[in-house]
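The chain that follows stands alone, in the form predicted on its own, written as structure tokens.
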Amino acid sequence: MKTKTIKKKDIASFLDTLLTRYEVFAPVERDERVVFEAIGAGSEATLDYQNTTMPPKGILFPQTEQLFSYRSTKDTADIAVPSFKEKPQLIFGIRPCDARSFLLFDHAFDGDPYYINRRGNTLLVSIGCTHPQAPCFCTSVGGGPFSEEGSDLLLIETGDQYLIQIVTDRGAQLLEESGFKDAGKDALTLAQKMIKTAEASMGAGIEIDGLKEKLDSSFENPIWQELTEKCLGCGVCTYLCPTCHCFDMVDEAEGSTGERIRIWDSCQFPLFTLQASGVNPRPTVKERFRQRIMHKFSYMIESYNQIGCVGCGRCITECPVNLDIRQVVHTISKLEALS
């Protein structure tokens, strides 16, 4: 694998160069929080951060998106589809867990022209986590603080510089005219040390082996009622989850014109499964909470052969009642299947 190095002090000028060819999204400080936004200058980027509260999934899967607009007359209806972006975009400074999440989106939105256009037009430059947070458990679900999956380039912090691992051909093309030096033996050794130290510092994880089978056999287990006693059903876990992708479609019309909009939704909301007949197959928090866990650790494996969780820990840190998905999985994994 080819590797380069870049000095930290040169990152801003590198981003300025990229801005001549790409719309660049990077972590920036806003109101004492770090969020991903389009930047106008390399100096705006903040790379010394743990992880953003809101994942950057909205860049490829907008929270609100017009699918088409229409104008109708007595005999005809004209439909206009928004034009796709022509200028390529680049997400710089994304964490490996969030980069991996887009691999699941690739399955979920296979055949969706809106997502496919953005995904094919977007490069991902990730930065490894040298200091994983306590709620992080990416290594338990197949990832790692320096996972390359989903990224085109991976940056590893080594003192006053970054080692750049070239993961894809598109990543290699991004560096063709950069003039960055090849990584030397000392840089490679230091990078490996940083990786081992970060992985060793990971906190409590979850046990995946046999979990799907245990979930499938425990669907009717009364433990679900106990597990969801304090859940508020607020849905914050799904909105902050980099792999959750539920949506609703709404028609907004006035007179003879209107538009169809796709908006984020959540399986934790009671209206999500309410049918026109008035029947709701998931009438209480228990069924909705169970759906979320089953979807991530059973249904997605069936559909995509991929766990629907990247272990970012956001649903743990931001849950208003401290519901810990690691504890939920641990409880389920210890159950005896009901006969």
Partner chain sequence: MPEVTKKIREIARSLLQEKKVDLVIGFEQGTLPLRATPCFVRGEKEVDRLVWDSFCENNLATYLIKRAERVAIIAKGCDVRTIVELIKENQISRDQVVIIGIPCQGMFDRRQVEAVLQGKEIQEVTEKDGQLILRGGSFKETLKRDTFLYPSCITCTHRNPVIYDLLVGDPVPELSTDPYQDVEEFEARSAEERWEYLIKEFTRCIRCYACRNACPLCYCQECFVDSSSPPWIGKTTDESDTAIFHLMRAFHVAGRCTECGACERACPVGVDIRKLNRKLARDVKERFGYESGVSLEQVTPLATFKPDDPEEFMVNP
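Positions refer to the first chain, counted from 1. Everything numeric in this text was worked out from a predicted model, so none of it was measured.
Just so it is clear, the following notes concern the form predicted in complex with the partner chain, a form of the same protein that is not shown.
Taken together, C234, P270 and E318 are fully in contact with the partner chain in the model of the complex: each brings a heavy atom within 4.5 Å. The partner chain is not drawn, but in the model of the complex it has a heavy atom within 4.5 Å of P132.
The closest heavy atom approach of R33 to the partner chain in the model of the complex falls within 4.5 Å.
Using a 4.5 angstroms threshold between heavy atoms, N305 stays clear of the partner chain in the model of the complex.
Contact check for K185: every heavy atom lies farther than 4.5 Å from the partner chain in the model of the complex.
In plain terms, the part of the chain that comes close to the partner chain in the model of the complex, with a heavy atom within 4.5 Å, is 236 to 244 out of 236 to 244, 210 to 218, 154 to 162, 94 to 102. This chain is displayed alone, yet in the model of the complex one of Q50, T284, Q291, S43 has a heavy atom within 4.5 Å of the partner chain; that residue is Q50. Interface residue among A38, M54, I301, L67, judged by heavy atoms within 4.5 Å of the partner chain in the model of the complex: M54. Residues are counted as partner-facing when one of their heavy atoms sits within 4.5 Å of the partner chain in the model of the complex; in 319 to 333 these are C319, P320, V321, N322, D324, R326, Q327, in sequence order.
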